[in-house]
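As a starting point, one isolated chain is supplied in structure tokens, in the form predicted on its own.
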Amino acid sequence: MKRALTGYRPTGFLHLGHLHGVLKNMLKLQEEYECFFFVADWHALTTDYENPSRISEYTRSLVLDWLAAGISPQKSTIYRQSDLPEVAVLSLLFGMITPLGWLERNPTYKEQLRELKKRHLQTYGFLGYPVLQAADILIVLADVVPVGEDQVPHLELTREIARRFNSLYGEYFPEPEALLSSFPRVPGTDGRKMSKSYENAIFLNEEIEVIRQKVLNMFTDPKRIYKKDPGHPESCPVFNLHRFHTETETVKQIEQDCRNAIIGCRDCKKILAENIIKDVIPFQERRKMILNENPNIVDEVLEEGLRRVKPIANQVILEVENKMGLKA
């Protein structure tokens, strides 16, 4: 069975965008690959180093959310990045052979510098993010990495680093393939892509009444001023979110009623709110049940994941050091 690896930064709580993108994809992966899912807490420091106080809290919440969503510790290896120092060692060694130009031309680096202007990101750690990412992937000799199309250039840096190592010291590392996955654009409450940083997210573990109010306060069709005006559902965030939580036939009816000014925006939002709540409640109940049955479940899952991944990482470092002439 081929190995797949994916990591997630603990920079906040999970929201509906993660449910329809990351979590559903992880569930599919664990049935088809030998999976390694890790909490990328070192990566969280690349952008949140000035305020790391909640990284530990978010880490525990993230693992618990994975379990509640159906990620199985028996089928997948779940671990915390910082528990595996071999990743840092491999990142250091990769840093010795990675040309500076490769990092500076990285499109993700340039994009985030533009988007996160309020943060001081002119750091070695942020520039070297792809090197650490390459170490994450290659420390388990992963064959595939699930990515969206916009992330393919980032993964290509890992492949380039693997090729450069193999060229300098002899064949060892695989060149991991991009497992192109469909990560749908889930609209937030303001119409932009749902994101913690945009403060437009509906979180999976929020109180039901909070979810309801967030939906009722959502932006709607900007061209529809009065209920009697015909709507334009294709440009309405509420309608687009219906696609994820409302049955297909009902969505078709809502679209028709909106265009014909039969249904108003508030009524449309009420339907959406109840459908989201219906989808979220089972997740919240599973989460509570898991924690109530075993308050130490997160620690146990991370310990077991580390026990599994540690021998693999140790062997990789041993081979790398031998090939680089560091060990006789």
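None of the values given here were measured: they were computed from a predicted structure. Counting begins at 1, following the sequence as shown.
The same protein also has a form predicted together with a small molecule, omitted here; what follows describes it.
Proximity to the small molecule in the predicted complex, taken as heavy atoms within 4.5 Å, picks out 34-42 from the listed stretches 34-42, 66-74, 286-294, 53-61.
Checking 244, 129, 165, 203 for any heavy atom within 4.5 Å of the small molecule in the predicted complex turns up a single hit: 129. Residue 137 is the only one of 78, 84, 90, 137 with a heavy atom lying within 4.5 Å of the small molecule in the predicted complex. Residue contact with the small molecule in the predicted complex: residue 145 places a heavy atom within 4.5 Å of it. The shortest heavy atom separation between residue 9 and the small molecule in the predicted complex is within 4.5 Å. The small molecule in the predicted complex is approached by residue 133, whose closest heavy atom lies within 4.5 angstroms of it. In the predicted complex, no heavy atom of residue 253 sits within 4.5 Å of the small molecule.
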